[in-house]
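Encoded as C-alpha cells, the following chain is the form predicted on its own, with no partner shown.
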C-alpha cells in the first residue's frame, strides 16, 4: 500500500475564517481525482466533547453514524465529500488529556513523569495516524488560532509528524486573513505576515497559504505575501468571499490549489471530475422562485446553531428548483404573540430540536397553527414532541399533556425518559445517539417519501414517546408511521387528512448532501412550493 499523505490545516489572525469549509473543500478536490480521504478535527478546548456546550457559544452539535457528538465542521466534511465521520474524527484537548490520565492511572507509563511532550503529543499523533490508516490522504484541521496557548500541544504534534515522515507525505496549509482597510483603500498583508511568523516560530513552515479576502487578491499582493512567508508565488491562493460555500472547491481549483497540493505530495490523480458538483452550484445560484419556511426554534439568533438544518433546506430547495427563504422565529417570543401575524408569510413551518423548557409553549402554538390551517409542518426531534403534545391537548382534550422533561408532575406524560419506559433495556447512557433503524408502515406519508420499508437515521435525544398514548392518538387521526424494531420505540408521527404534517424523533438533516438531498426535506419543500404557487 502506498504511503498515506497528511494535510494539516491551521488558521491565523482570527477565528471563524472558515478552516472547516477550507478543509472540506480540499477534501472535495482530492476526491474528484479519485483519492480516498479521511478527515479529522482537533479542537484545543478542554471539554471532552461538544455535547454539553451551549449552541449559542459553539453552534450545532453534529452527530455521526456511530453516535459521536462532534464539532459542526464534521457536517461540512460529510456534505462536501463522501467520507463518513466517526468517533475517530473529532478529538478535543479534554478527550486527549482524559485518555492520557487514564493510562497514567492504570500504570501504563510505569511510574514515569507524565508530560505534554511526549505523552500528550504522542496521543495526538496516534489520533492522526489512526485516521490515516486506510486512506490515501488524511486531512487534519487544527481548531483555534495560531498563537493561542491551548493550541500549542497540537501544533507541536503536527510539527513532529513533519519530521518523522517523508517530505512528500506532509503538507501544511495555513488559512489567514488579508483585510481591506477602507481608509487606506488597499488590502493589508501585515496580519498574514505576523501569522506566518508565529507559525514559523513554532517550527512549522506553511507550504500553502489560503488568504481570505473580500475581493480577489492581485498578483502584486500575492508576490509580497509569498516573499515574507518564504514561499513561491504559486503557493499563495486567494480565498475570496463567495455567495455560496459550495463554490469554494471551484474557486480553489481556479486558483490552482489542487495542482499545488498534488505537486507537493507527489500524487498522480489523473483528471478532476467536478462536473456534477459544478452543475449543482450553478443551478442552486440561478434559482428565481422562492418559498418561505418559518423556523420556530430556541436558537434562531445564532447563525450556526441549526447549520445542518439550514443546509438541508437549501439542498431540498435546489432539488425543487426554488430558493428557500428562512423566516427565523424565536419560539420564546411566540408565546405572547398571535401566530397568525408572525407566521402569515410562511408556506411551511419547521420546529427543530433543542433542550430545556424555554420556548416550548411557543413551539406548541406553531404546531397548532400549522395543524389547524393545513400548512405543511415538519417537526424534528423536539418538534415532533411538541406536535404530539399539542395534539394530545387540543384533540384528545388532555389539557395538561406534556413531556416529563418539562412537567414532571403532569398526569399525562406523553414523553418519558428512556429509563422510565417499561421493557426497555438500559442503553448505556442517558441519550439515544447515532444511527438507529426504523420500519415504516405502508400507505403512509413517510413510506411514500422514503419509498422503502426500512430506513436508518441519526438520533440525539433523551425522551421517548409513551406507548400508553399510541392507541388514543391513532384513534383521533395521528398515525404512528415509523417505529424502531429493536425496542418498539416510536420514530415518526403524521396526521391523516393533512396536506403534509410529519414529526420525526431523529435528525434527518445530518444525512442531507447537495447531490443527495434528504427525501423528507425534498417532500416538505415540494408541498410548501405548492402552497406558494396557490398564493397562500
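Residue numbers count along the first chain shown, from 1. Remember, predicted model here, so these are calculated numbers, not experimental data.
Note that the form predicted in complex with a small molecule isn't included here; everything after this is about it.
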_Proximity to the small molecule in the model of the complex, single hit among 363, 139, 350, 382 (heavy atom within 4.5 Å)_ = 382
*Among 298, 402, 460, 174, which has any heavy atom within 4.5 Å of the small molecule in the model of the complex?*
460
*So in the model of the complex, does any heavy atom of residue 483 sit within 4.5 Å of the small molecule?*
no
*Closest heavy atom of residue 507 to the small molecule in the model of the complex, within 4.5 Å or not?*
yes
*Report yes if any heavy atom of residue 144 sits within 4.5 Å of a heavy atom of the small molecule in the model of the complex; otherwise report no.*
no
*residue 310 near the small molecule in the model of the complex, any heavy atom under 4.5 Å?*
no
*Specify the contacting stretch among 270-278, 354-362, 149-157, 338-346, defined as having any heavy atom within 4.5 Å of the small molecule in the model of the complex.*
354-362
